[in-house]
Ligand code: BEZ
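The form predicted on its own is given below as one chain in structure tokens.
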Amino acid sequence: MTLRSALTAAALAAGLATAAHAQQPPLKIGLMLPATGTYAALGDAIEKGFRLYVDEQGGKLGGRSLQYFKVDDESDPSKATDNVNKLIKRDQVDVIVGTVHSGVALAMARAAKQSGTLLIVPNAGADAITGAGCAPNIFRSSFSNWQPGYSTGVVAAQKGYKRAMTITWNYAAGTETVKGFAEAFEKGGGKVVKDLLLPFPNVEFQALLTEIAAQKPDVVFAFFAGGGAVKFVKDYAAAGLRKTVPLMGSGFLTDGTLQAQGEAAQGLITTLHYGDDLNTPRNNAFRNHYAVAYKANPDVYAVQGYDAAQMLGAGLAAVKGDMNRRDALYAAIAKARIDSPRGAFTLSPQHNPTQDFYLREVKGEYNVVTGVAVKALPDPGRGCTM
């Protein structure tokens, strides 16, 4: 073969490779999020955040356009396996993004682990997802339930409170968040004297508020989110407890809920991995883009959806959009440094964000950051053998 013919053959091969790359079909993204019920607004914000990052990249990740398949998970664990299998088996998606409810997410994680489908969890904090149920193809862009509970427990102990009561729904997100709070609070010298539980999504709080009033603890720690958080904060204030027993919570108590909570939320102290007023170029740009795109202010749920897309984008960029290179894809996501509106974060060996947790106080319709509760807090990932 002459030099000229060799060069021609090489150019042809390169051209064919480029054409093949350009002709890759759209990447199938399965969005399994709540579209109805208590958590509907949270699912909507997650999806908007995800799509915003994709739009900022010109509608492609790793050179691949995206095709979306959506399932309303209804925040119902009993329907979770059937719903996720619609995406895996019927739609044959390449990636699943979901969900909010921890009980639903646990079923999704089991299905993803069995099928080998890439799963990115943009909210549900069930500890087992990046603990005992961890897997190379499962990642989280949000938090573990333990993290915001633990960081709030640190702050409560620092404030000198000695006797605490906790209140939450009786499901994974609630009970695991409360355990995180108790671990830090008791390590700091306090004691949790009673845990109050009610079934999800029950919002009849009166009997439990009466018990709090009778026990007179130094502080109450609460985990609720969405519509349940709105009613709890209003009921707590209406019962007159705000004047006698300080209320603290994981940030979900006041995130995405402040407009509806109104005056009842003013002054509430929470910890979370995001605050509305983080004055950084990255957060300011994100908030501006989101406001322009959706005519609304973003919250932590939008950030987590946005970062789920960032994580996927980091993996796809490393493999040039080739989903067949799964080991390289997962390795790239695992070692990525995500330039998040919340502040840059990396992933723990169990694929959970190692991130700052901010101390926040409700002022008007904003969760105003007043400091850092715990810097670069990793989840312990207990039980993970990956």
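Because the structure is predicted, anything quoted here is derived from the model rather than measured. From 1 onward, residues are counted along the sequence shown.
The form predicted in complex with the ligand is left out here; the points below concern that form.
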query: Candidate site N123, A173 and Y301: all three near the ligand in the predicted bound form by heavy atom within 4.5 Å; finding: yes
query: Segment assignment from 262-270, 93-101, 306-314, 111-119: heavy atom within 4.5 Å of the ligand in the predicted bound form; finding: 93-101
query: The ligand contact in the predicted bound form: T166, any heavy atom under 4.5 Å; finding: no
query: Contact of A222 with the ligand in the predicted bound form (heavy atom, 4.5 Å); finding: no
query: Non-hydrogen atom contact F50 with the ligand in the predicted bound form at 4.5 angstroms; finding: no
query: Touches the ligand in the predicted bound form: F252 (any heavy atom, 4.5 Å); finding: yes
query: Partner contacts for 342-379, taking the ligand in the predicted bound form and a 4.5 Å heavy atom cut-off; finding: none
